[in-house]
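Only one chain is included here, represented as structure tokens and corresponding to the form predicted alone.
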Amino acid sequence: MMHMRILYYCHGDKDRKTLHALQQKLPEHHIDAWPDCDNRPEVEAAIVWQPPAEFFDDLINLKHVLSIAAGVDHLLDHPGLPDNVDLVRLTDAGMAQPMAEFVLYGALHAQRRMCELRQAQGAKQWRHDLTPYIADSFRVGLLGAGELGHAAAKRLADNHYPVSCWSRSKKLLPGIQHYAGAAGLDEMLPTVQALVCLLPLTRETHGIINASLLSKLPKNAFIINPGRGDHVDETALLEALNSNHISGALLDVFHEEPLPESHPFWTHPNVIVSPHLAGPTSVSHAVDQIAESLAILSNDGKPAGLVNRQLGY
């Protein structure tokens, strides 16, 4: 592989653990940590997560941008990202298993009626009548059929939940009821008792969990969102919770993070707040995948995570 100069920035990597792992994995390349770079015109690749506004200034020979995450909405919305560079995302990097566990927990929480039991405990009421729903008739619907959606669907099915999955276009998922397109979404929603969002964030999916969608779910449906905070219209969700149309929600991502102390999600009795920990990226998996993608790109190939900018993923 040819020597390449790379510029690195990862928001939150305060101890530079990811940077050091990249430098160890890619000793043939020169990796600078932004803003320390003495020759920006030589930079051919960038490895980033939430880079600052001025990050791409003077990178006149930039060819490749690799995201240290599965999502690239933070890059597609970046005003400095050049139009002519390859954009590559992580396709799993160890996130699938913990994400599937998070989704399974949410389904169990809803199926076992833990929101109602928690309220009964607070009132010191022995609600022996709150028997759980039967798992094999408690249908879980997934929005999104990518790598994470596949892993979550399999984990749910392995635990005897009937699973439905919706995506933009038709896909074949063995053992899973699949729906596609706007008509398919309208068909699926009334049939599910828990709804999980694992979609990429695009213009089309921004605010997809809104008042209209929530109204199409059956009464007492449960919401699980480990996708992106901007998938959810938070006001609409609160209204649906307060009207008892939605029984509860497990939320890992939010419009504003960290979640402001004044936000009503913190104190809502039927909301569980998780601080964006549902599917943490494994540094070793991420570094291995980035190294593989760079090798493929340097040989004019197309790595698995190459983004279609028109689709947004």
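In case it trips you up, residue 1 is the first one in the sequence shown, and so on. Everything numeric in this text was worked out from a predicted model, so none of it was measured.
This next part talks about the form predicted in complex with a small molecule, which is not shown.
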Report task. From the candidate stretches 36 to 44, 57 to 65, 265 to 273, 246 to 254, select the single one in contact with the small molecule in the model of the complex, where contact means a heavy atom within 4.5 Å. Result -> 246 to 254
Report summary line: Assert contact residue (the small molecule, in the model of the complex, non-hydrogen atom within 4.5 Å, options I223, A145, V103, L241) equals A145
**Report entry** Contacting member of R155, R168, H109, R139, with respect to the small molecule in the model of the complex [4.5 Å, heavy atom]
**Finding:** R168
Query - 4.5 Å heavy atom contact, G279 to the small molecule in the model of the complex - result: yes
Query - Exercise: P162 in contact with the small molecule in the model of the complex, heavy atom 4.5 Å - result: no
Query raised in the report: Quick one: does L199 come within 4.5 Å of the small molecule in the model of the complex, counting heavy atoms only?
Result: yes
Requested in this report: Indicate whether the small molecule has at least one heavy atom within 4.5 Å of a heavy atom of A70 in the model of the complex.
Outcome: yes
